[in-house]
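The chain below stands alone and is given as structure tokens, in the form predicted on its own.
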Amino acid sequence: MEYVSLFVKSIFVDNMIFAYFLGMCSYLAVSKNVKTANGLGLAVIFVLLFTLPINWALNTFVLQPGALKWLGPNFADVDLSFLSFIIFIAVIAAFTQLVEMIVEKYLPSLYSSLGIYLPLIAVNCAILGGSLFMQQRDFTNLAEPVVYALGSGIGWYLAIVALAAIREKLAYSNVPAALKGTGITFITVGLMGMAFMIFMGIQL
């Protein structure tokens, strides 16, 4: 039940987009059509699902104060937490490069559609935010960061695909000239954010 609660909350209540506004740059830029949004959303899920557990293990057994005590009593007072940002970003960048190579090789049309925003997953603050929230939540076993990563990725995926679907419909709608493009997109995102605030009242 604890894992189900964590999974549901990470999708709806603690949604990276609508609760913390993380990853907004690529969220707005790549949500012009469903196909491209679907590809980027799946890439974000993949990167989160692999990097967050790795970063949890590094944080638990290497970075946090006293984590190196398994090496011996002389290392019990070592604190490498100041390296967290650098290590987390290095792991994220490595997996982003892997995703980029896979997409370029097997899905060249999607690679062309995503353009610069695919490698920008490495600096997507939703990905780094997942690792930093993992630190704050102080997960006690590997299953928790895996569930949290999957839920957070799915939450980001649902948000970008939903916006892309709405924007495709808006292209055929009678939108006032002054609001076409960015204007109506900001309004739509604001309304979606307010709709997701409903989930914050759920007690799990």
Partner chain sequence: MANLKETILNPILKGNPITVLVLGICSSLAVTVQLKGACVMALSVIAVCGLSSLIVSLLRNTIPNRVRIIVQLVVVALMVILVDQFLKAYAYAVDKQLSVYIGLIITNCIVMGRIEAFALGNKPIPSLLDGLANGFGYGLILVVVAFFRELLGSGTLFGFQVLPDAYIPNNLVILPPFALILLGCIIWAHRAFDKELQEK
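Numbering follows the first chain given and starts at 1. We call the rigid core the largest set of C-alpha positions that still match within 1.5 Å between the two forms. Everything quoted here is computed from the prediction, not taken from an experiment.
In what follows, reference is made to the form predicted in complex with its partner chain, a form of this protein that is not presented.
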query: Stretch in contact, per heavy atom within 4.5 angstroms of its partner chain in the predicted complex, of 64-72, 132-140, 145-153, 43-51; finding: 132-140
query: Position in contact with its partner chain when the complex is considered in the predicted complex, options Leu110, Ile102, Ala76, Ala94, heavy atoms within 4.5 Å; finding: Ala94
query: Met197 within 4.5 Å of its partner chain in the predicted complex, heavy atoms; finding: yes
query: Val189 within 4.5 Å of its partner chain in the predicted complex, heavy atoms; finding: yes
query: Non-hydrogen atom contact Leu158 with its partner chain in the predicted complex at 4.5 angstroms; finding: no
query: Tyr106, heavy atom within 4.5 angstroms of its partner chain in the predicted complex; finding: no
query: Members of 8-34 lying within 4.5 angstroms of its partner chain, judged by heavy atom, in the predicted complex; finding: Phe18, Ala19, Tyr20, Phe21, Leu22, Gly23, Met24, Cys25, Leu28
query: Core-aligned C-alpha movement of Ile86 between this form and the one not shown, 2 Å or more; finding: no
query: Large Cα shift (2 Å or above) at Trp70 between this form and the one not shown, core-fitted; finding: no
query: Flag for Ala177, CA shift 2 Å or larger between this form and the one not shown after aligning core; finding: yes
